[in-house]
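Only one chain is shown below, in structure tokens, and it's the form predicted on its own.
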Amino acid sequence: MTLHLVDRAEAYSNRTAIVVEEGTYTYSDLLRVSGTVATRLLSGRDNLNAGRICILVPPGWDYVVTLWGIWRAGGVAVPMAISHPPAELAYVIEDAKPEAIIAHPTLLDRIGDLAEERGLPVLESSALSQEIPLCEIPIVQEERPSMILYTSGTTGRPKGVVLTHKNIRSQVESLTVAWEWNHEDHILLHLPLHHVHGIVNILLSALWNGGTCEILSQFNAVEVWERLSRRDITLYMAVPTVYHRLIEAWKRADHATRTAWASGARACRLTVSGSAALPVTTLELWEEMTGQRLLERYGMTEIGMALSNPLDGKRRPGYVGNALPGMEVRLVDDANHLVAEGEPGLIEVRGPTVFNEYWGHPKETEAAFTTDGWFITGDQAVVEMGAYRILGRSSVDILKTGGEKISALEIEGVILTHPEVRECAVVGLPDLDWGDRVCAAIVSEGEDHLLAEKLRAFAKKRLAPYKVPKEILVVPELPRNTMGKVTKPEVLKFFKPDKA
């Protein structure tokens, strides 16, 4: 039996699968061209036998058929970020040890020297799609590895998360049930395709269900609004930064344009935010503009999605709901004992979506799991009124100051309610007196040089004294990774360390 994803595509053969700027492609096109890619990759072999192949291809038709072609040939796809500099690409290549690299013609100059230095062949994605007689496509078991995704991590170099075909299938099936995906769904995709969010939550969820995935080569706020205004997009998923930019574009538009844009977003049956904490102000503004209350969920590369607010039902700001279908989630203390409702704890997850291993890191893999198979996420949360609220990363967003554990995300949420603050990142700097000195980096809506002083007074009225930032800096912008998430180790560099 072939992969279930492929089997299902055959049932939707005449339906539209992918829409891109250069054209529209059916599921039949997807099967035919990915079969061609697989044939060329096999080049006379029976099976790639889990050989790794790096992908440096922008979001689009070439990317989709390349990914499917690697899978159908029995290979393991290693998507790379097209925005990464050569040094970052070199790290992935060295770590993954691929047998080849597939690159888009526009990106050959980015990868050519790196590949030549390592004696690796570079295959052009467009050439792989040129039709030839198809060979017999091998049977690929779902227990086999399908993809290695590199996590950004909070410390150390990124690690490759190995996902099997069964992991991916389980992730998609869980989201299908929870968010009621169906073959009539039409989703817009502009997120990077080297992360779970874009690959699984959007692209593969649409293709698993016979829906349509419309791919934009890059994000442009006005272009997204204009596309939504046609009122045929049923789902939209993005990160908080994107929603903020959409809101800013909406504010700059005239009344007639705003009305058309908001009407288009209102026509969606679901809009989702994830990959970073969603500011309450963003959620409220989006709902005020579009009538859509964003659905927040929680997941990570190693587990896919684990928690989600309900499709139907109350979605409380700052909460991420409950365990998705097929998933087990629990909170434990430092001794790995279950905590009571209302008490903070470390999130642990178990289920068929959870990855098997970090590529080439057996010790880190072993340390990531409990003896009874729970994955240790490193994130802290609390269950309140039956729903999970994420407190943040144990190593980054959970600070200990003056003997008190506090959430950086909580402080950020308060500061972001100030009308003159556009963005905020709270970090803890090592301090001889406090343990962690609470510091906040602010991006201002204006140019008020007194903003830091005003914010400190503002925070004192809304936070316990030990939660008020000792330092507040106004900066031009916050450092971000390729998914738009603020990188807090970089934020720390804004502040001077404590003197011994």
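The structure presented is a predicted model; accordingly, all values stated were derived computationally and were not measured. Numbers for residues come from their place in the sequence shown, where the first is 1.
Keep in mind that the form predicted together with a small molecule is missing from the display, and what follows is about it.
Check, residue by residue, if 239, 400 and 456 all come within 4.5 Å of the small molecule in the predicted bound form, counting heavy atoms only.
Result yes, every residue of the spot touches the small molecule.
Please check if residue 290 has a heavy atom lying within 4.5 Å of any heavy atom of the small molecule in the predicted bound form.
Although the small molecule is absent here, residue 290 would stay clear of it in the predicted bound form, with no heavy atoms inside 4.5 Å.
Though only this chain appears here, would residue 299 touch the small molecule in the predicted bound form if you measure heavy atom gaps against 4.5 Å?
Because a heavy atom of residue 299 falls inside 4.5 Å of the small molecule in the predicted bound form, the answer is yes.
Would residue 351 sit within 4.5 Å of the small molecule in the predicted bound form, counting heavy atoms only?
Because no heavy atom of residue 351 falls inside 4.5 Å of the small molecule in the predicted bound form, the answer is no.
Can you tell me if residue 308 lies within 4.5 angstroms of the small molecule in the predicted bound form, counting non-hydrogen atoms only?
Close contact is absent here: in the predicted bound form, residue 308 is far from the small molecule, nothing within 4.5 Å, heavy atoms only.
Select from the listed residues 45, 470, 462, 32 the one whose heavy atoms reach within 4.5 Å of the small molecule in the predicted bound form.
Flagged contact: 470.
Name the single residue among 159, 169, 195, 104 that comes within 4.5 Å of the small molecule in the predicted bound form, judging by heavy atoms.
None of the others qualify; the residue that does is 195.
For the chain seen here without its partner, which of 362-370, 121-129, 291-299, 409-417 has a heavy atom within 4.5 Å of the small molecule in the predicted bound form?
It is the stretch 291-299.
Relative to the form shown here, do the C-alpha atoms of residue 248 and residue 469 sit closer together or farther apart in the predicted bound form, given a change of 3 Å or more?
It is closer: the C-alpha separation of residue 248 and residue 469 falls by at least 3 Å in the predicted bound form.
In the predicted bound form, the Cα separation between residue 411 and residue 287 changes by 3 Å or more relative to the shown form; did it shrink or grow?
Farther: residue 411 and residue 287 separate by 3 Å or more in the predicted bound form.
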